[in-house]
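Heads up, the chain below is alone and in the form predicted on its own; it's given as structure tokens.
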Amino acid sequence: MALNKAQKEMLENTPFVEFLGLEALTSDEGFSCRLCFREQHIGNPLLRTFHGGILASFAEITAALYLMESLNLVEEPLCSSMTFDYLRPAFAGTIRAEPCIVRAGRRFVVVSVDVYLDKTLVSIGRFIYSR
């Protein structure tokens, strides 16, 4: 996917983006991000699952990138609140985050991000951004 200047700057200025190794994708189905498992992402070494902080950070970055693209923002949006639900373990593999705008009001924008491992929903994040 070709990121715009503001999205590239956001990724360059966010210190943990390189550590995560996320990839932004655009297809006929819309915008999404992908993250391949690395040993540094381990939350539970016995089960080889993603750490919860990795999942939440991945979803938050995905939400911000999507919001910047959808609303043609030239600056990184400010996340004022987030709720993240862990539905089941995200075992080692490639996870995919699919964002959507739930509501875009005059003062706030709510973005929901579903995180999948293969076709299994593993977590859901809701992010509220100030306009």
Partner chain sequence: MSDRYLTMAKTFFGTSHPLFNAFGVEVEEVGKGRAAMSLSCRPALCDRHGGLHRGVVVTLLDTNCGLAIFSRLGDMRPIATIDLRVDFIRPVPAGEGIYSEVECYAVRGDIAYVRGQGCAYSDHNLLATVFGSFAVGTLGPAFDSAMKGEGKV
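Numbering follows the first chain given and starts at 1. None of the values given here were measured: they were computed from a predicted structure.
FYI, the form predicted in complex with its partner chain isn't displayed, but the following is about it.
With the partner removed from view, the residue among Ser70, Thr26, Ser81, Thr94 that has a non-hydrogen atom within 4.5 Å of its partner chain in the predicted complex turns out to be Ser81. Heavy atoms of Ser57 reach within 4.5 Å of its partner chain in the predicted complex, making it an interface residue.
Using a 4.5 angstroms threshold between heavy atoms, Pro45 counts as touching its partner chain in the predicted complex.
Looking at Phe16, you'd find a heavy atom of it within 4.5 angstroms of its partner chain in the predicted complex. Although the partner is absent here, Met10 sits close enough that one of its heavy atoms falls within 4.5 Å of its partner chain in the predicted complex.
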